[in-house]
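Shown here is one chain on its own, the form predicted alone, set out as structure tokens.
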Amino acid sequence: MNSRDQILAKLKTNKPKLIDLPLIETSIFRDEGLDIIKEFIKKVEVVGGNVLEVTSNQDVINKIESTFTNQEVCYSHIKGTQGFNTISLETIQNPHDLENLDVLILESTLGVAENGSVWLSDQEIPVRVLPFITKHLAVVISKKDLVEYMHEAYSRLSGFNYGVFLAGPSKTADIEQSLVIGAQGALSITIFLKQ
């Protein structure tokens, strides 16, 4: 057994006991008359993302192609848009082979107005690294799938092995105290809101 396997075996035997998440009574959040769609758009833009309203998946493709011209490596995981794809994930042997991915389009089933985030789970992400390795990320979400607060969002989560809330493009300011966009992930995120 090599040192890596020894470390992983020790971690497995010393795993803390799982505890239930705390129950938070969501009724304590009073209805503030918030316009969820306007608030979601505002928060996405505050964290550096863009929001466009669309009526169909083809509308998404048209807007992507007019916004991100001359992109060579593209992949869409939304229905009816396979003609947009320039790669096949079935041929990818190693996630590092995706390092040149220019544009990725995914679909989300949950967005949060409180912070402008969208939920992506293993059901929406065919390869875990995709939303983090692409240069430009586009996420399609229906307006009816927006909630006001994270507490509401958490109460809707179930049946996933892996998931992440994403808000805005990747950014950091700890490199010489300068804001760097795309440091550990996508350079841009565009949210497409569908009716």
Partner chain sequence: MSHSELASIFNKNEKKVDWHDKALWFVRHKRDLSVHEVKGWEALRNLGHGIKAHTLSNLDNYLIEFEANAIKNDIQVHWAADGDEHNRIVHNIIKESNGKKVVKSKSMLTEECHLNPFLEAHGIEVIDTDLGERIVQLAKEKPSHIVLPAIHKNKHEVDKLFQEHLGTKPCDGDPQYLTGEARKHLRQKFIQADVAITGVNFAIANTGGFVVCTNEGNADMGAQLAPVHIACMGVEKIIPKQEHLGVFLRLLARSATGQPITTYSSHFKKPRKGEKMHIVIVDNGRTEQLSRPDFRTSLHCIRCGACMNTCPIYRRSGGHSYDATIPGPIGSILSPGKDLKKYSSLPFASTLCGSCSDVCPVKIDIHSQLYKWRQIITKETPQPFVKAQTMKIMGQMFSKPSQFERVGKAVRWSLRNLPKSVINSKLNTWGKARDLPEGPKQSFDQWYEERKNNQKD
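Positions refer to the first chain, counted from 1. It should be emphasised that the depicted structure is a prediction, and the values quoted were computed from it without experimental measurement.
Only in words, not in the display: the form predicted together with its partner chain, which the text now covers.
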Non-hydrogen atom contact Asn70 with its partner chain in the predicted bound form at 4.5 angstroms: no
Please run the contact check for Thr55 against its partner chain in the predicted bound form: heavy atoms, 4.5 angstroms, yes or no? no
Going by a heavy atom distance of 4.5 Å, is His96 a contact of its partner chain in the predicted bound form? yes
Its partner chain contact in the predicted bound form: Gly49, any heavy atom under 4.5 Å: no
May I ask whether Leu8, Asn161 and Lys171 all come within 4.5 angstroms of its partner chain in the predicted bound form, judged by heavy atoms? yes
Select from the listed residues Ile61, Ile41, Ala167, Val147 the one whose heavy atoms reach within 4.5 Å of its partner chain in the predicted bound form. Ala167
